[in-house]
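As structure tokens, the next two blocks hold two forms of the same chain, structure 1 and structure 2.
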Structure 1
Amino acid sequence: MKQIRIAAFALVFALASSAFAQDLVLRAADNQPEDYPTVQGLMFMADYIENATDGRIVMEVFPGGQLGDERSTIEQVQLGVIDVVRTSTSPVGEFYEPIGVFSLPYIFRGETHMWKVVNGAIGRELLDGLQESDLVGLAYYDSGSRNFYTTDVPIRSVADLEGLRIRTQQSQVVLDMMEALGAEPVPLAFAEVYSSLQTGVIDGAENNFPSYGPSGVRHYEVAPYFTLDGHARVPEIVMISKSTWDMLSAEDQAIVREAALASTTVQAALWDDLSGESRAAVVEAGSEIINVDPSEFQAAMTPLYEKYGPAFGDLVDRILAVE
């Protein structure tokens, strides 16, 4: 009797431990705060993976830049030190040049055009191409449109940018864009922007409403002039390390890809809500929203197309041709 009880106990224990055995713990990095749509997207992805693998694969999400700034987390993903990262595609262009095409000003005619491109053949081609750089692209997230904001000098026309020190993402395309506008580019990690605005190290920066507003990194508190020039629409990207990817079975790779794709719907819904809320909140807090003629900004940035056109091969023309 005692032996039967021991055997039964051993069986239950074996079943239970196999049900909960974690074969793999993935670490995922994001530089936005915990309740931000991109982080919520990663958390959804984590739940999806855990459920679909019966807990064999668990993904821990580290928001708020805990694992490093974007440049450093991309490098760590390349090396397999971090498994998954969500970043803007701008700094990824320093690791895999073609994806920098999304950072070109006014490359997209609007939201619909951008989604057609990133969800179509070009977007997929760039996700796959990342493998050359030891990164596997899984999905794109929404990041709205980027606009300038400044501490003291309101930007009402291109001429107002002359000589202003404007923070840029760690991306050569963005840096060149600032020079084309006559501003002085100051490349900085995202986490350094708030204090740099506050202490006058820079005069301005550029981003979307959710990043600028109270649910993002709160730049509105120190830069009250927000200019609606809409110069760029740079999608976010979720990537996994090639070395982690190669360790997964084909079945688990499919689960991770599905999880990332499923999370795009969650991120997009949260994003839509937050974009309107953030705009209303910053207006309420006293930010001045400045309407400008975007065509003046667009005209000033055409030299970038001459410089980058050849570097991006036929990508620029193919993107512009997507109806």
Structure 2
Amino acid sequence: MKQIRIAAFALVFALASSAFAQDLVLRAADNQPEDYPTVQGLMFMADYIENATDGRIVMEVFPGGQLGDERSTIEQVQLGVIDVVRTSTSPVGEFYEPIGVFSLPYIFRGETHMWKVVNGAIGRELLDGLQESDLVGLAYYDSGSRNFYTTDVPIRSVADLEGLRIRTQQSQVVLDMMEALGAEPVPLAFAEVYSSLQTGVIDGAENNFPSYGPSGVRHYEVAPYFTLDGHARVPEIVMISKSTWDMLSAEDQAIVREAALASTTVQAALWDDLSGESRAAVVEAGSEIINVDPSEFQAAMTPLYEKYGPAFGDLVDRILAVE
């Protein structure tokens, strides 16, 4: 009788394990709305996984911050409460310091340089290093670049920033960047920027095209000069909980990673479309788009790199050396 009970228990356990293997539901978090490029990237990733596993693994995407803000969702992924998250690499630096190197101003010379770095040996090294923090890096997404825009003085060189009052985020590295460029940083709540530009409290601000344009906060209406200096080009990242990752078979790990990498092309194309539409709209509205040589601006960052660089070992020099 005892042997029968043991055999029955083993059969039930085997059936339960088999059912679990055939019906794994992953939860993925994103703080952006459903139609945003990063969310659409995650949805493509979900479809890829479901198709590649014949429905054994399903990934449900929760957009709009339903599962928390960026920092809290990273913490939940660490703990295995959430399986997958898409976030900026900026807050990830609080959990794994080396990836914070991407937040340094002008660390990338442009879009091409950024993709060479993140899709090359350095980017792979940082994705792998996240496992130290119970996170597994899968892929990088595009978030465009942040650029200066001004009300009266167009910025065509570093000299044009001298003495300008520029709204900034409350970040020490951004404050240091402004001072290195000769501008006066003015930390303000984002909701106050439009009226402050309009009334002359500040001379300019900085953000990307979608935020600057009609689909964003419409700052182009009061600040018509948009300078493509690309001072911040912080990539997004897709991560999975290490506890979830370790639960997957090697075959399923490969599928999940392939799905994330495949989704990067979709996400980047959607981001380009969104940015392009915003750029065309502000040009039509009368904004002047100013191209500059970013190397002049990057050269002004030497003191800043000397201040923050030691925390990242040789990463700054290695990134700057990528051709």
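Note that this is a predicted model, so its numbers are computed, not measured. Just so we're on the same page, rigid core means the largest C-alpha set that superposes within 1.5 Å between forms. Numbering runs along the sequence of structure 1, starting at 1.
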Of structures 1 and 2, which one represents the form predicted in complex with alpha-D-glucopyranuronic acid (GCU)?
1
I want to check P185: does it shift between structure 1 and structure 2 by 2 Å or more at the Cα, with the core superposed?
yes
Once the core is aligned, does Y220 move its Cα by at least 2 Å between structure 1 and structure 2?
yes
Given a superposition on the rigid core, I'd like a yes or no on whether A285 shifts its C-alpha by 2 Å or more between structure 1 and structure 2.
yes
Cα of S195, core superposed, displaced between structure 1 and structure 2 by (Å) 13.8
If the core is used for the superposition, what shift in Å does the C-alpha of E206 show between structure 1 and structure 2?
5.2
